[in-house]
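In the structure tokens that follow, a single protein chain appears in two forms: structure 1, then structure 2.
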Structure 1
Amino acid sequence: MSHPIVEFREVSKSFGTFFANKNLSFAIDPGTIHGLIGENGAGKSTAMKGLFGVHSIDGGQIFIRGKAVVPQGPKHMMGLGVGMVHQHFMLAGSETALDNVIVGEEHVGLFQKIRRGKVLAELQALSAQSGIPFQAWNTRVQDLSVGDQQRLEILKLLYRGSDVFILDEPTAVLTPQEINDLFATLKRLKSAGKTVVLITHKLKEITEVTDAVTVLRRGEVVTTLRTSETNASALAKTMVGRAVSFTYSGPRTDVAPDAKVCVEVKNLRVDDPFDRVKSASFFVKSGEILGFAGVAGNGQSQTFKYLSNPSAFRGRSSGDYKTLEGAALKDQTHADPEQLRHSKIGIAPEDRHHEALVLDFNMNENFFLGQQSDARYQKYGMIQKSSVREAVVRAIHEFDIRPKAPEHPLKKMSGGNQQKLVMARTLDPAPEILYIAQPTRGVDVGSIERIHAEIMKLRNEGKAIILLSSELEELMDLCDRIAVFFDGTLMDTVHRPDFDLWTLGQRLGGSQ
């Protein structure tokens, strides 16, 4: 047995009085794919940032190839062959792919001409040799797909001589096809003798590609296992401390035959250079969940954005959009989010960081966002801080948000906990209609179970819900009907009895 390539011995890291990592000990063997799992806030990212030198560790030791090192910073660790692909890519959008690889490693004097031709040839050779396809070297990064950007990051690390590749939730923002490609890439890296550390919340991915897996819980290592000796539900149990069911098993009331139509959209068209909606007509009744499914760029996201704020699409959209208010359907084609709120519509947008939250603000302030006209939280134009805080404390309790400190800034919270706050805000005050996008992106299995139960509870209470998700399994688990988007068109609405993973996948690809 060779030396582990990376070994943590009793590594600790605290933020103030809070231990994000406590005496972590585990080893990663060279030439393997090593999974790292744990609930939101368990300390996975913290541990890997410690290894990559993004922040210093407080105690313990890290060994690389059997030698103790004190990580001094990314440059230092890169020199030792450790590279990290961050969830937010380290790529400058306005620069070409090639320049993004070159910067910092130019291999010529500061004021000499960069030998782009030579580097390009090297990169093309590297891409061919490693079997990681990439062509668009002279394209600006902002014009690349997310999958391409990720491959570029990996090739960049490869070019810089990395042996260990740390990937923090790389699949969270990828389409299923891109995930397949990524896994092919990881397997190629492995067969080239490289080591991969994969952080993910999708246990299916762990069982599919990893050789070993370390489970963290509340900052501590629970265990390190061989993947072949475990399975998804056992892992979930170790992670959360209780049995977790991956599918919803609670009650599902029948949709009442006289259920009212709560949302009605007819012949929606939205003009957009990147994501156009050519034609979408659908309705949602009270007590049912309509899913939006589609491969990225096929119109489902755009339709969702339109529903969430039609006023932003003035002049480039057409069609009818009505929602139930009181006893009658009300025209919403010019409504803004504030008016939608008044119509008792709760919205959880797709992009948590850009559309839902202000990361520099704390939980209270983020909870208040969008509720500024709510009489509970505002009097005579003054924020009622104490009632906001009370509401946040309630939300923390109800959704098990960690840490349990309302004054905690969002940027210091793990992604899953941020998502829980978004959900809590969406449900306050209790809406009649809900638009929910990607509710479980980056969320751990235990919390997914809780969020799914919450959504189903709302459904059973008679709310009308639209659910946009890139996880087909999630949609199939929860929805009553799934709207299939392809090429900007809502092709078809599939009913629950006809749900089938394979046929749905085919439909999303455009076949009938």
Structure 2
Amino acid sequence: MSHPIVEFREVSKSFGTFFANKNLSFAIDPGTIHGLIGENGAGKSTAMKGLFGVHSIDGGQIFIRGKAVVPQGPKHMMGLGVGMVHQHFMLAGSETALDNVIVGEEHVGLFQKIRRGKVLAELQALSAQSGIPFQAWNTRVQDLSVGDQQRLEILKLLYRGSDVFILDEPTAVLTPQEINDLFATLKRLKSAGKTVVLITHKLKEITEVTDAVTVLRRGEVVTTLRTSETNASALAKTMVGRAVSFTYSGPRTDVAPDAKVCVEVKNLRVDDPFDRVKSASFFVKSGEILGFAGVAGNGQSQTFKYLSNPSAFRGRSSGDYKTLEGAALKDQTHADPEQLRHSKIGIAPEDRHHEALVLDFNMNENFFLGQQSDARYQKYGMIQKSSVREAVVRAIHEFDIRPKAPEHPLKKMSGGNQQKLVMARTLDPAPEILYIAQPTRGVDVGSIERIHAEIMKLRNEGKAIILLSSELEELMDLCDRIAVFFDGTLMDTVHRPDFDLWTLGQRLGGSQ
């Protein structure tokens, strides 16, 4: 009988007094797709970073193909055939996409040149074969969309020929059609004898593509199951310890016929070489959620960024942008984020690492960002740290942020818990207008339920909400209308009675 390709035996890892992994024991069979699920902070990414050599383990043993291994770092583990695509991209922003693939792979002599053309040709062929579209090989990573950065990471892993592929939330920015293509790639890898470890919060993905699944809760293994012997509802209950609803089933009030227009945009154009907005006109009323949908690079993200900070696009944009303030619409065409906040507009950006958080700061400091002028947190011009901490403690409780320590640094928290902090800050206090991007990216099913319920509560209270999400199911569940972007143009606005997953997916590709 063959050995497991990867086996954890009583593996533990702690950060100070916080145990991320406690005596993990589970095995991954070769030539399979193995799911790893659990709540935010359950220890999934930590366990795989221990396997990949990013973290040193504190106790226990890791076995590769039946032999005990002490991971000495990513390069060591890549030499053993283990590769990982991290949830938060490990890319050099100032370098091109091609150079990000080549770096670390330059097996050439002192006076030899890297054969860039050969590498590029191989990557282009790999892109076509895997069904993962990517063309911007000579573009700097910092100029790529989030979706293209994700695809680059996956292609880099494929290019380096790993036998064990660890993918941490790989479908977060893909459309349904692209997810199908990725799953086809994973199945081809499996057929070729490769092994895939899939970390995901999307239980539908687990049931569709994995052979086995290991469930973690609070750093410990709850169980390992054959996927064919379970279902999404049972897995959700195992993850969080209670039944979980996958769709919002609470009250939904109708949009009032006389509801006021709270956001009005006419003939918006934004010049950008990578994510141009050619034409977008839309409005949002009080008590309504308008969704933005589109494949990465088709204008929906750039439109969202413009709404969040018009001043950053001065000289590169045109059109009219107004929001309701008091009884009248106010021109916001050149407003900055501080002016938008004074207009009672709350913003949860798309890229939490670069636009919402400072990872070297702790939770208290990050919660205070952008709220320096808030009277609740200052007195006589002095920051009231105790007031900030009280707000963070409240947010930790209400959004189940882990660990429950306001002084904990952000860089040591899971992506899902970072996202929950962003949402808590955006909604404290609840603004009249909300711009929310990717509210549940990397967030576990129990927390998704909580965030969705809060968004719907605000909608039912009369708030106007623009929701940007790469998850069509999320948009269909929450929105009253969905604006579909293609090639920089807002092509169509679909009303709730006409929502259909496959039809929306086709429209994202330009089909009517």
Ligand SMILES: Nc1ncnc2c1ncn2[C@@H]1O[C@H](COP(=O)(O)OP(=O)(O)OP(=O)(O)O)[C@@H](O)[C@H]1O
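Rigid core (definition): largest C-alpha set, two forms, superposition within 1.5 Å. Numbering runs along the sequence of structure 1, starting at 1. What you are looking at is a predicted structure, and each value in this text was computed from that prediction instead of being measured.
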Pick one: which structure is the form predicted on its own?
-> 2
Does residue 453 count as moved between the two structures, where moved means a C-alpha shift of 2 angstroms or more after fitting the rigid core?
-> no
Verify the C-alpha shift of residue 96 between the two structures: is it 2 Å or more after superposing the core?
-> yes
With the core lined up, does the C-alpha of residue 79 move 2 Å or more between the two structures?
-> yes
With the core held fixed, residue 155 moves its Cα between the two structures by a number of Å equal to 7.1
The CA shift of residue 68 between the two structures, rigid core aligned, in angstrom, is 3.3
